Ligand SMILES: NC(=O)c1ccc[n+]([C@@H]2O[C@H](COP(=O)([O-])OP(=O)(O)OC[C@H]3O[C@@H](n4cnc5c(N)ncnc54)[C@H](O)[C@@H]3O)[C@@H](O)[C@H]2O)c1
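Starting off, we have a lone chain in the form predicted alone, written out as structure tokens.
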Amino acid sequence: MSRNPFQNTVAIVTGGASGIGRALCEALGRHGATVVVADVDESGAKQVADAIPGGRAQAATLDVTQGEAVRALVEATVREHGRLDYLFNNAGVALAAEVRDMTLEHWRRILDVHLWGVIHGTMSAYPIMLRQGFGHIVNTASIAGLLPGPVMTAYSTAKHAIVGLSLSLRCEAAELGVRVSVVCPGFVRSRIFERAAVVQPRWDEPREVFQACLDAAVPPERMMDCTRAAEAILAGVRRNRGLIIFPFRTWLAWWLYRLWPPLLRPIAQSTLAAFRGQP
């Protein structure tokens, strides 16, 4: 394998205007890839694309909940560049709420973006990659896709589904020339939590409650920087890892949970208690 498998390749990154998606676009650009920065935020996507040197990036306005729009972007990219080497299904939103306070609309919003967004991307790119005989689909999940996620139950549900989709498809695709990986990071310093909708009807300032929960779980100074997260993802892609889990403490938490699930129960209980405002 080339020491730089991203050189002269073509990649689409959804959710590319901010956070991990932006960092992925920038890292791919540094590694010599042609990058399609896809995001519902048109101006943000353009800013990211314009900042990548060499003229090898372009912006695309994309709502991943719209399957036809995703398919059209994938097909247009292949027509223009003749190939698609990487698809990073990375777009996401967050919701902090207990299930007792959620409506079906809350569930639909999270599942439409996270789960159906990944399905739309996968079902658009996979047939093309099969015809090519190569390609790599990289789906962003979370450690919440491997561990319980109280207060983020809809988010955790979607991420568990993405892990299942990715690992199952990886088995099917391996002998057909297509690679599939799923990314399960711990807390990364991105804007997804800043933008999270918060439903906490028992408090006047639910966002402050949620932020306090985050700060208690992982102090901001211990969160991973998006640039480092992007490089960790690309390192896992380079090695064709099925599960890309980082940083080390997140990987350790996952292993401890697998060995003895009750060990992490106090963390989940303390998070829930903080959200509820209990001592």
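Please read all numbers here as calculations on a predicted model, not as lab measurements. Quick note: we count residues from 1 along the sequence shown, nothing fancier.
Not pictured, yet referred to below: the form predicted in complex with the ligand.
Note on the interface: of 181-189, 166-174, 121-129, 98-106, the segment with non-hydrogen atoms within 4.5 angstroms of the ligand in the predicted bound form is 181-189.
The three marked residues, 21, 93 and 159, each reach the ligand in the predicted bound form, with a heavy atom inside 4.5 Å. The closest non-hydrogen atom of residue 155 lies within 4.5 Å of the ligand in the predicted bound form. Using a 4.5 Å cutoff between non-hydrogen atoms, residue 227 does not count as a contact of the ligand in the predicted bound form. Residue contact check for residue 231: none of its heavy atoms lie within 4.5 Å of the ligand in the predicted bound form. In the predicted bound form, the ligand sits beyond 4.5 Å of every heavy atom of residue 240. In the predicted bound form, the ligand lies within 4.5 angstroms of a heavy atom of only one residue of 65-81, namely 65.
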